[in-house]
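Just the one chain here, the form predicted alone, laid out as structure tokens.
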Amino acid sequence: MDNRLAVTLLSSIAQEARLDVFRLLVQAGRQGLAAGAIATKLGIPGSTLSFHLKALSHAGLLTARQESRFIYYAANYEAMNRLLAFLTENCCTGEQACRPDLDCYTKSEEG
């Protein structure tokens, strides 16, 4: 990952509502949530939520899939993990001991 991509990803979540949406979708797992469920859980009006979902999707932090007439959004864990790895790659002079377990999300879903 280069600095430009990292800045794009970080700037896409540098807004309170978008950060709330992303964190909710991280918690929801790979199945994600329908846009209406996100709006209800966070109390965000649909038109405003659309704007935020578009920003997160364009940055690459969300995936979307349509089922029937609903669109389900999910966190892109691979992009999130690459960003975390980029942010911590020189942590503690590169030793693994201080780096977060970047596979924690896939491990918790398997177990």
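Throughout, we count residues from 1 along the sequence that is shown. For clarity, every value in this text was computed on a predicted model and none was experimentally measured.
The following text describes the form predicted together with the DNA, which does not appear among the structures shown.
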Quick one: of A28, A35, A59, A79, which gets a non-hydrogen atom within 4.5 angstroms of the DNA in the predicted bound form? A35
Close approach of A74 to the DNA in the predicted bound form, 4.5 Å, heavy atom: no
Can T88 be called a contact residue for the DNA in the predicted bound form at 4.5 Å between heavy atoms? no
Any chance L53 has a heavy atom within 4.5 Å of the DNA in the predicted bound form? yes
Using a 4.5 Å heavy atom cutoff, which residues in 45-77 contact the DNA in the predicted bound form? It's fine if the answer is none. P45, G46, S47, T48, S50, F51, H52, L53, K54, Q66, S68, R69, F70, I71, Y73
